[in-house]
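Given next, in structure tokens, is a single chain: the form predicted alone.
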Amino acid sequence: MHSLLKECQTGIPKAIRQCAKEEGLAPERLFRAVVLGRVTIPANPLRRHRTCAIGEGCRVKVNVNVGTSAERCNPDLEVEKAKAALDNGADTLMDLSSAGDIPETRRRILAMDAPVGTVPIYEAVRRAGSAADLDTDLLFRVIREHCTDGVDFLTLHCGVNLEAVEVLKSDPRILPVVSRGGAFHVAWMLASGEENPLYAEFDYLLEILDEHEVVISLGDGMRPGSVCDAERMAKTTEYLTLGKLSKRAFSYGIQRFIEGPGHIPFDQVGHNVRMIKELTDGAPLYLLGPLVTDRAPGYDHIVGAIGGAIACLHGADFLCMVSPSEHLALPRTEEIVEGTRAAKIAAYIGDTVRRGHEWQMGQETGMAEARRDLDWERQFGEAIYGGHAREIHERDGVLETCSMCGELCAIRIIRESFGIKKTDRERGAGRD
């Protein structure tokens, strides 16, 4: 059993009290959620970093993926992107490196002050040469190495099993498998005729994760890669499997996330989120997107933010950043920044639902008052990304109104019509 859950047997641990303070929650409430498995706090004891609570009642968290590829293998660039993600509000990072000195890149990402996740099968396949040549011993050895390096959570595609492969055959999809980890496991099973070792030896996997106190993120290897495939049976088959594995993991004392659900039509997002939550006893839900259309390449960060916001309305807890280069290329630093900001805004919108109307109004009132007063400094201070807002406003000069309206500013006209006087703040700033 992870030490955090062990500590819960004798009282409220310090880590929970600290996270509760950061979340603005009563420690007792967060304690109950952790004990019930509805909140996860990823924190490998081998590494010190700021922690965050993910799940029921907590603010929605954002993860950002970085990592090398064979086509663009530049560890320095990936470190730069990781720093940019954290500077723009990312709560966690994932290193998805699949080329170059993968362990060294991972160690450099792990040096950052945030929880870090990985997908061990990427490195295992690279070492083996191909998915078909992968063997069980190598896969579990790589998993152990990631744990001993200090990784906080591992995406492991335990629900991609022979049953799911048979469903793919009997109920085919336009895009059979788009998850890279899922594809590796499917290719291995088809080549060997054997069961996915992460499923077949799930109890052994839990022993490793328990020994190192690493969180399992039950990967969505059967997620649909097209909204046209969302109603095919493969994803539902995996949901059912992940529900069983989630309960086994938590019964063993392992903290966990659940991943899902991929590309889903807008009106089906809520149903899928609620289904996963029900099947997994309310485990924290980690989503890439979901993407609600496939027709906006180059703008998938916007598509993902739309899907993420509606997913949060129905109970999603953890959003994975989608960059503008999703489906097109390895993202550049500026695309990481853009994607992170879109995901953070979606997470904030999700928080307005989770925290309630009173909380939302407390957050929003300051901006409304600042706009009423044409108080630009306060507007920039209230904005989620105030520096960016300032750059846009001042590109036509430091003006009393925005350059779109100028002297025809509706706010200014109404203030003059109602005889509203300048505030002390405005007099000091010389603004109207």
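Please read all numbers here as calculations on a predicted model, not as lab measurements. In this text, residue numbers run from 1 along the sequence as written.
In what follows, reference is made to the form predicted together with a further copy of the same chain, a form of this protein that is not presented.
*Asks:* Residues in which of 279 to 287, 224 to 232, 198 to 206, 247 to 255 have heavy atoms within 4.5 Å of a further copy of the same chain in the predicted bound form?
*Replies:* After filtering at 4.5 Å, what remains is 224 to 232.
*Asks:* Which residue, Gly150, Gly243, Pro176, Pro75, is the contact with a further copy of the same chain in the predicted bound form, using a 4.5 Å heavy atom cutoff?
*Replies:* Comparing distances to a further copy of the same chain in the predicted bound form, the residue within 4.5 Å is Pro176.
*Asks:* If you check Ala187, Met112, Met275, Val79 against a further copy of the same chain in the predicted bound form, which one has a heavy atom within 4.5 Å?
*Replies:* By the 4.5 Å criterion, the partner-contacting residue is Ala187.
*Asks:* Taking a further copy of the same chain in the predicted bound form, would Leu138, Asp220 and Tyr239 all count as contacting it (heavy atom within 4.5 Å)?
*Replies:* No, the candidate spot makes no contact with a further copy of the same chain.
*Asks:* Since only the chain is shown here, I'm wondering whether Leu313 would be in contact with a further copy of the same chain in the predicted bound form (any heavy atom pair within 4.5 Å).
*Replies:* Judged by the heavy-atom cut-off of 4.5 Å, Leu313 is in contact with a further copy of the same chain in the predicted bound form.
*Asks:* Pro297 versus a further copy of the same chain, in the predicted bound form: is there a non-hydrogen atom within 4.5 Å?
*Replies:* Close contact exists here: in the predicted bound form, Pro297 approaches a further copy of the same chain to within 4.5 Å, heavy atoms only.
*Asks:* Would you classify Arg59 as touching a further copy of the same chain in the predicted bound form, given a 4.5 Å non-hydrogen atom cut-off?
*Replies:* Outside the cut-off, so no.
*Asks:* Using the partner position in the predicted bound form, report whether Ile345 sits within 4.5 Å of a further copy of the same chain, counting heavy atoms only.
*Replies:* Yes.
*Asks:* Is any part of 47 to 66 within 4.5 angstroms of a further copy of the same chain in the predicted bound form by a non-hydrogen atom, and which residues would that be?
*Replies:* Going through 47 to 66 in order - heavy atoms within 4.5 Å of a further copy of the same chain in the predicted bound form - there are no hits.
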